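So this first bit is one chain, no partners, the form predicted alone, shown in structure tokens.
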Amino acid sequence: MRSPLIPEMATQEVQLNETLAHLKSESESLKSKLEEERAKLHDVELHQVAEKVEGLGQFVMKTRRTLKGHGNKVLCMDWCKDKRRIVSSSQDGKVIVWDAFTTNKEHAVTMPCTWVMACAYAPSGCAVACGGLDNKCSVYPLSLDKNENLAAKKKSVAMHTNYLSACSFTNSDMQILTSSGDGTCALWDVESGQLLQSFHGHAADVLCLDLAPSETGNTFVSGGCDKKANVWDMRSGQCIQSFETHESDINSVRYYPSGDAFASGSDDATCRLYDLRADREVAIYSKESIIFGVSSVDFSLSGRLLFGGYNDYTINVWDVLKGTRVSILFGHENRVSTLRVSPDGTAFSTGSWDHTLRIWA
């Protein structure tokens, strides 16, 4: 005797599949309608508007300092607000604080794990945060006493269910924003380690984040393996804008200095500029000869230049307005993994898989 439930379950499953298919096609058609509406506002290209703008002359940038001391690939770095100190993290599990002028090492911490993929300097300059394959974000207070054991004062702040890919303090030492391979970003209270807000919306690993530059900085942008760049409201936890034009993972996102746009760098070998007010991509920075992915991007202080660190060991410098490459810098002997312009805009630093950091100006 067959159970009368079996045909019933089968019809339920068919209905479920049908509604799923229907919902999928509905969401696709809504998506294309949205794209059509966006396209209506798309009246002119950025480089056309910038035609009248004077081109940039020749400028010479070269390596001014090389920081040696990591025993393996440098994965991340960040500048201190004092414009002279740098924190870097590496695959060897070491986190080093450097004086970029003298190239001296001021502090070194050995993490309990290798692949320390994220590090950040606190706004006050009195602490650094880092993490990676340990799925945690740890904060180390820095003291003037060079011989002090930093590891003893370590505080575990954030806990994800997969690797930590990026971290950044908000405008105070009291809160930290993290992104992770578990597909989420999260905001944490440093003192208590409490989760203040979590951000769900990426369909795969989140690889990078950047905080909006305004003093009221209540938004941030994240990019990930789902090829999406999402803009989030930190107070509500909601995704307020999303851009999906890259053809591969987004490795790096960085706000334009005014906060009205952001750039992204991807494994598809392009950098792109997204205008938040126009709600669309306004420029693509690419050349046919560039076939390697972009690991890291940052703007000059004026916003006229976009620096990109590439997996073919080079740094390409782009004219943001005209969309042309104005310079290509050589020096690293392996892929450039991280690039940051100093807070005063006089130099920028790069970290590489060749175990070194370089200061360029």
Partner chain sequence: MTINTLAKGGWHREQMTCFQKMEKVIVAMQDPDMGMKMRNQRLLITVIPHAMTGKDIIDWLMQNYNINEEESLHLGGFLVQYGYIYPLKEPRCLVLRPDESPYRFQTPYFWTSTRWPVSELDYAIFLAKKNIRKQGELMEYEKERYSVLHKRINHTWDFVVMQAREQLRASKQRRKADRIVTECQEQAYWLINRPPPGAPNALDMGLERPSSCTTRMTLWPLNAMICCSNTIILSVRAYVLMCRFVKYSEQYQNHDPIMQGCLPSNPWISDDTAHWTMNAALVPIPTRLRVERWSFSFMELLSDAMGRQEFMMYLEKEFSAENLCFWQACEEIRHGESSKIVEKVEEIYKNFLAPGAARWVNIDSKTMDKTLEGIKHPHRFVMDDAQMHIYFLMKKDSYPRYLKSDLYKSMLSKAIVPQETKKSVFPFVRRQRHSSPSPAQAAEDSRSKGPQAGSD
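Positions refer to the first chain, counted from 1. Being a predicted model, the structure only gives us computed values, none of them experimental. Only the largest set of C-alpha atoms that superpose within 1.5 Å between the two forms is called the rigid core.
The next section is about a form of this same protein that is not shown, the form predicted together with its partner chain.
Within this chain, N251 lines the site of its partner chain in the predicted bound form, having a heavy atom no more than 4.5 Å away. In the predicted bound form, at least one heavy atom of P257 sits within 4.5 Å of its partner chain.
Its partner chain is not shown here, but in the predicted bound form it comes within 4.5 Å of a heavy atom of R84.
Although the partner is absent here, D279 sits close enough that one of its heavy atoms falls within 4.5 Å of its partner chain in the predicted bound form. Residues of 297 to 330 that come within 4.5 Å of its partner chain in the predicted bound form, judged by any heavy atom, are S300, L301, S302, G303, R304, L305, F307, N311, D312, Y313, T314, L321, R325, I328, F330 in sequence order. Relative to the superposed core, E18 undergoes a C-alpha shift of no less than 2 Å between this form and the one not shown.
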